[in-house]
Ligand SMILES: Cc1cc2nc3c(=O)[nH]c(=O)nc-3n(C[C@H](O)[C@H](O)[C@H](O)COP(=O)(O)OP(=O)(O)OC[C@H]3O[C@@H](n4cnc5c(N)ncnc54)[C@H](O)[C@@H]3O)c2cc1C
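Shown here is one chain on its own, the form predicted on its own, set out as structure tokens.
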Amino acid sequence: MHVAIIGAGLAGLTTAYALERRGVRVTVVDRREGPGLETSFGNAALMHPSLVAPWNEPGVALDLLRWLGRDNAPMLLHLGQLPALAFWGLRFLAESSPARHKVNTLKNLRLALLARSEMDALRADLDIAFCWKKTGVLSVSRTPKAFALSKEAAHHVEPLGVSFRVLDRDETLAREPALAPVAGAIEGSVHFADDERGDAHAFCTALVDRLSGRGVRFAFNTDIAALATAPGRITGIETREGLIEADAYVLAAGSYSAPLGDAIGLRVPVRPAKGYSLTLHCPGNPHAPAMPLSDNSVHAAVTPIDGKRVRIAGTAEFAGLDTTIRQPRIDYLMSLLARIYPRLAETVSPQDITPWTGLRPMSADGVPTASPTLYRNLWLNTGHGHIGWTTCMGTARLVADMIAGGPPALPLADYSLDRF
């Protein structure tokens, strides 16, 4: 059996690995010059089953209205995108009810825990280096209300296997001394000791190297014009270099999955949520954090990657497929860093800060999609939003189960297109 995968980011490459392990011949096609150069490139570098709640949390409708036109807002909606977001947006808001949000959070958590198990197996199999470390994550709160909600959320996911410890202010500072300058603003934190960090782009690069040695073919610098179809099936991938044919196909092109699907009458309920990150090159900086942190009051995460780099990531901007790096959003992200680690923000030179933006493919319910489609030989693996690094190995396992056979590791209906 030969499977062609569109997309060489985390979703596509982990699917290629899962299929190759089952003895499937695989070709991966991507328009960029190498792997992991789109959304997978500059993410928060966190694999965190503890923090997988969809962004459309209860009250998001009022927040979006309150934040309209504000570049210093965690989530920014451009009015010009309203027509493209109309039907998707209605479902996005419908899924923000407290009951639906809890259901979707648990779907994400089950997928993330499966992904963790699959990643453990991959690391044992390939022994690749990508700055992986089980560092744990501190989820910091600044008000009593936020702290209470954070503890409640932790207890909600505990029965599924997420261990945590509640820390007061002093315990939080003992765990992360770099927070000392803002000690007075911290109410407490929840420490999730089992969460991990890793450089997603380094992972993608190393995985391509290993998969190439196992016979997986990669077609980089290959623009995809369209998917060729016959009644009920895909017959090939049309490119400038010619038609790439296979027995089955996986559409794992992130936010670009939707326009490719639209062209063949396949509705992919995914919209791009533009995210930003800053990578600080600060080896030896005494004010750098020792462990990853998520500050739920500013909607940002800060991750020390390898002793030389620290990354801050956050915000969502509904701006279509525009990947322009906008300075006001960079300034906003830098202001968030200053609120969390002011000494670090003060001591890093501008020339040592690398800005980045990428399009997170967000499903209307905040849950990734791993699913068959109306074409009997086409599957989807997309819609991961802000948790792609955390869940990609899980959706890869589900798609490989469906294509190559075998009992599904999770209820497929939870991640199917049919839920829409």
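All residue numbers refer to positions in the sequence shown, first residue = 1. Note that the structure is predicted; figures quoted are calculated from it, not measured.
Omitted from view is the form predicted together with the ligand, to which the following refers.
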Does the ligand, in the predicted complex, lie within 4.5 angstroms of each residue among Pro54, Gly366 and Asp414, using heavy atoms as the measure? no
At 4.5 Å between heavy atoms, is Asp120 in contact with the ligand in the predicted complex? no
Contact label in the predicted complex: Ala313 to the ligand, heavy atom within 4.5 Å: yes
So in the predicted complex, does any heavy atom of Tyr375 sit within 4.5 Å of the ligand? no
Is Gly261 close enough to touch the ligand in the predicted complex, meaning at least one heavy atom pair within 4.5 Å? no
Tell me, please, which stretch of 206 to 214, 285 to 293, 252 to 260, 132 to 140 lies within 4.5 angstroms of the ligand in the predicted complex when heavy atoms are compared? 252 to 260
Considering the ligand in the predicted complex, which of Leu380, Val26, Ala44, Met393 comes within 4.5 Å of it through any heavy atom? Ala44
What residues in 341 to 368 sit within 4.5 Å of the ligand in the predicted complex, counting heavy atoms only? Trp356, Gly358, Arg360, Pro361
